[in-house]
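One chain comes next, on its own, written out as structure tokens in the form predicted on its own.
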């Protein structure tokens, strides 16, 4: 039996071992979903480059390694200080190797503004809510990693914002992979329900520590009710030995606004799936992304926005700066259904290659079944503007500094979309350091 099949067999065996602990005494509706998801994973197996959706992202090196899931960690308050985002305020929740650490976390918003529970506690305390929303809009039937996460859905967070509520402090989910002793893995499942006419900011920040490999297989589900407004941020600063497969699924009701900002500064192998379904009139979806891989880092962004109802709008802008032997992938899909008349949908992906060995694979897709729409998509990949470089050098700026300044200006358009000042400042410094490397 090869390693790929061994990992699959190990995961199936692990499910059978911990099934009772996840489910408790009664056979819940959530656990029935878990069981079906495991069957799907057994059928699908891990994807290969023969799968169209994984054509440019080979997971062979990932599935050929052994990982300890939800491993114990001695991550401490000092480690928090060393890896914190300066001046960050809000509801800050720490998950270490996938497990919530209450001692390191801080919830400052009153219960009247939002409800925060671990996913496992939510299944017990809010079964009706969890059953109503859990796994209702994911690709778990077709995506092996999403099915795998669904089967093991136990760790993670449940956030419920009641109707007519403005949450004044952001909710920051900090996921730490502590790989200082062994290869570690986690599968956080996050479920976020935002009520009618409510507003909230949710951020996920991923960080890995240590010289060993880490594997994060994360799924976050958003349900955005009518006239709600959600700002979502995903920040990835992981090691060159970190594997990250993340799926964010969003279902929007009428007149809602959902804005996603995904910034990947570091990670050995990263795959981000962002799937949005606009299921109501006069709704708006915004997707902004920035990725800056260097060395042999591999960053893959797959996005899909599905316009199911008329009079909706989506805006998408992804930018990449690729150095050394880095590889980037962008696959962006826009679907406009037959009933979705008067849809406005715009998509753009722009990339700069800073070395001859860097490569970018792009595939914009547009499928329209309606006739009264305004849609556009496009992608560009090229080198730095030599005229601009020459102009700056002629005014006494060194070539390295000129290149860095041009790249920072290129990235700034996405960074300026961030609305949490501390995260914005943190990313600006991180990006400057990354651009100046090498």
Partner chain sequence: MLKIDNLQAKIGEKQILRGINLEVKAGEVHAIMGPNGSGKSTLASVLAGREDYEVTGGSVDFNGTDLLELAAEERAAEGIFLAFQYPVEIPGVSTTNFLKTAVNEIRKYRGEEPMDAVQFLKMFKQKMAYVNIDQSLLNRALNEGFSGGEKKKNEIFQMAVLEPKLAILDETDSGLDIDALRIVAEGVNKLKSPDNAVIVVTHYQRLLDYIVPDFVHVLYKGRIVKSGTKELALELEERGYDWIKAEVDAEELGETIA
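Since the model is a prediction, treat every value here as computed from it, not as a measurement. Residue numbers count along the first chain shown, from 1.
Note that the form predicted together with its partner chain isn't included here; everything after this is about it.
Proximity to its partner chain in the model of the complex, taken as heavy atoms within 4.5 Å, picks out 398-406 from the listed stretches 44-52, 366-374, 62-70, 398-406. Although the partner is absent from this view, residue 392 contacts its partner chain in the model of the complex, with a non-hydrogen atom inside 4.5 angstroms. Heavy atoms of residue 58 never reach within 4.5 Å of its partner chain in the model of the complex, leaving it off the interface.
For the chain shown alone, residue 383 is not a contact residue for its partner chain in the model of the complex, no non-hydrogen atom being within 4.5 angstroms.
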